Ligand SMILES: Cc1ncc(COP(=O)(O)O)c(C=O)c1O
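Take a look at this single chain, the form predicted alone, given in structure tokens.
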């Protein structure tokens, strides 16, 4: 081997070693074949083989015959021996009490990979083109079947529109139906991150108070009689956790029918309920055809899936399809196909069942720990977050908690108008053990004391 080739193989070996040390190549991961990498780097295959051979001799890599060359599993010991920088058992990429995240440790990643891998292997050349602007029909049919059995919503695939998330769903609704200056009823307190999306479409926010029965429909009619939209979370109000009462559901549907207004029903986490039977969604009672139902896989699966859906009334299908046709569906075709298979093969149902049991347990751990430390949490019948009452300024308490490394939010920050609601909003989904819960609660108590 000449000197230039010798230098080159050592350079390749050093690059691989640095990638392993930085965590870019994890223990057990497979390296490209020497032939493939030689073609990519523009060197001879023998040069790459020499680099691999040196790293095998040093213990960085292992060869497994025809299976290929892999990063040695023994290197995992080095990472595991590193001192913890956060709570025991905590993922360094997550903060304790972080809202909006499902239990990422319980998602069946290996199963998901198998389903996606099978789809990838069986794709045809037609799957390389842009798909239906409304979303792939197999996924829309899977959602139809799921909603029929789980939420008593009777709809057709043509009424389903796939989007890249809740914000994209609301944007599609407003771009299709709204005019600048229209008003929209908003729950107060309510999810704050959707407000800039709505205001960006030139729509006026009309805050409507929430009490023990959900959004106060009578107050909305009295204060904003000309509103054209109502956006609410009737199954499990975000963030107070109450359900919209039956009488107010009827009043809301009557108002929408009389005013020719539109109701946007955000059903963001109805899958997770631990006590009693949930009230039926507004969409299942929608005889006047005034309800647009919005759902997402972010809470039931994982946020990075970036897939949500709308169920629109049948008379609006053409208008929504025309608006959707102005841009391609942004959810990758492979993800849509994988989701469809995941649902139709029963994996989704089994995952939800396991998650309900998991969340009920983690919810109990947190409630018991908070109570033991003298904190009062407001009981909710479902969902993936809790509200902790505080006597002091909740914004100041939340600031102190965040400085302590806890992802806590102040209830006051979820309000449009000051209404006297105070508290801290925390999630329990990624608290994976009683010991981790106890440590997190102790940090919270010290921070807000």
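Note that the structure is a prediction, hence the values are computed from the model and not measured. Residue numbers count along the first chain shown, from 1.
Omitted from view is the form predicted in complex with this ligand, to which the following refers.
Judged by heavy atoms within 4.5 Å of this ligand in the predicted bound form, the contact stretch among the candidates 150-158, 216-224, 262-270, 120-128 is 262-270. Only one of 290, 299, 249, 228 lies close to this ligand in the predicted bound form, with a heavy atom inside 4.5 Å, and it is 299. Scanning 195, 321, 306, 114 against this ligand in the predicted bound form with a 4.5 Å heavy atom cut-off leaves one residue, 306. Mapping the unseen interface onto this chain, residue 165 counts among the residues with a heavy atom inside 4.5 Å of this ligand in the predicted bound form. Interface membership of residue 349, defined by any non-hydrogen atom within 4.5 Å of this ligand in the predicted bound form, is ruled out.
This ligand in the predicted bound form comes within 4.5 Å of a heavy atom belonging to residue 191.
None of the heavy atoms of residue 176 is located within 4.5 Å of this ligand in the predicted bound form.
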